[in-house]
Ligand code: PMV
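Shown here is one chain on its own, the form predicted alone, set out as structure tokens.
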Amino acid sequence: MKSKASAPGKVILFGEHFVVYGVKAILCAINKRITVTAEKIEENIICIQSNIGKLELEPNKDVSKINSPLKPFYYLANKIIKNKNTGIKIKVESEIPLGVGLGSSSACCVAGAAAISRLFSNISKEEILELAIEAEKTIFPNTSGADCTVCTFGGIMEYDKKNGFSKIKYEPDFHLVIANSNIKHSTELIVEDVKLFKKNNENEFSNLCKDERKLVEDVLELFKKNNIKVLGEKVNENQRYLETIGISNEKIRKMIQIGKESSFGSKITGAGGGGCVFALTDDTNLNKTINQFRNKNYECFSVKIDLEGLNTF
């Protein structure tokens, strides 16, 4: 018996870093996916295969001692087959670049939780999300669950630490051109750097939080009106705030400038210091923006909002 599930990746459109200090962030599921196939096997083993390697272990190992990016799958399989006389074989297929802030880990956890659990029972999306967040904590102990939530339910979501998640019902019609800097970065270190900036610049940081809060409220109104051009101005404004708190670098600045030449706006998505930037476009300037990046030898691709979220089949 086999079970299959897929989940989308994500981008943070607005509010990264400031969300740590109580400001709303806006996240968007994107139509690049992780697909996980799970099947029961007679051998008492958990076997995981993916394009980044293979992990094969007996059940009931200490997850904290497993040194593999595939350990969330092991955690899920080990939990779900407890007291069941079966092993599990898991195959992972990805359309999402790894480790660049596009939610590959969260999408893996959501699709993995759905595919494995549905070998045994037909559980709800809410229960799958709970399992996915548990699994994600094996690699990111302090995860907010925001990424897993948008990967599960799709569309655009707002999130803040006090009120949690809320799906935005509007569906603005835009494309994102995502370009990869190919600079490795540590989210934890960058978060610490922002914390230090705040400590050394309390008044400036407080004002930036107020500005970001106002910007996010403006963005929510622009979604209603599908005003992509003005939305691009807000993208550029948000990038200026991210520059101020020090999460950019010379290569990223060059990439954002390339993006701005033909798009409506361009910014970092995620932690910064590396990873990806996006440029906001519609049908009129999509191809030109892609070509701008490719002509400068940057790896890039376009995405739209994924409205479906988790899919099982």
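Nothing here was measured: the structure is a model prediction, and the numbers come from that model. The first residue of the sequence shown is number 1, and the count goes up from there.
This protein has a second form, the form predicted in complex with this ligand, left out of what is shown; the following refers to that one.
In the predicted complex, at least one heavy atom of Gly270 sits within 4.5 Å of a heavy atom of this ligand.
Contact between Leu13 and this ligand in the predicted complex is not found at the 4.5 Å heavy atom cutoff. In the predicted complex, this ligand sits within 4.5 Å of a heavy atom of Val19. In the predicted complex, at least one heavy atom of His185 sits within 4.5 Å of this ligand. Checking Ile139, Ile168, Val191, Cys209 against this ligand in the predicted complex, a heavy atom within 4.5 Å turns up for just one residue: Val191. Shown here without this ligand, the chain has no residue in 111-140 lying with a heavy atom within 4.5 Å of that partner in the predicted complex.
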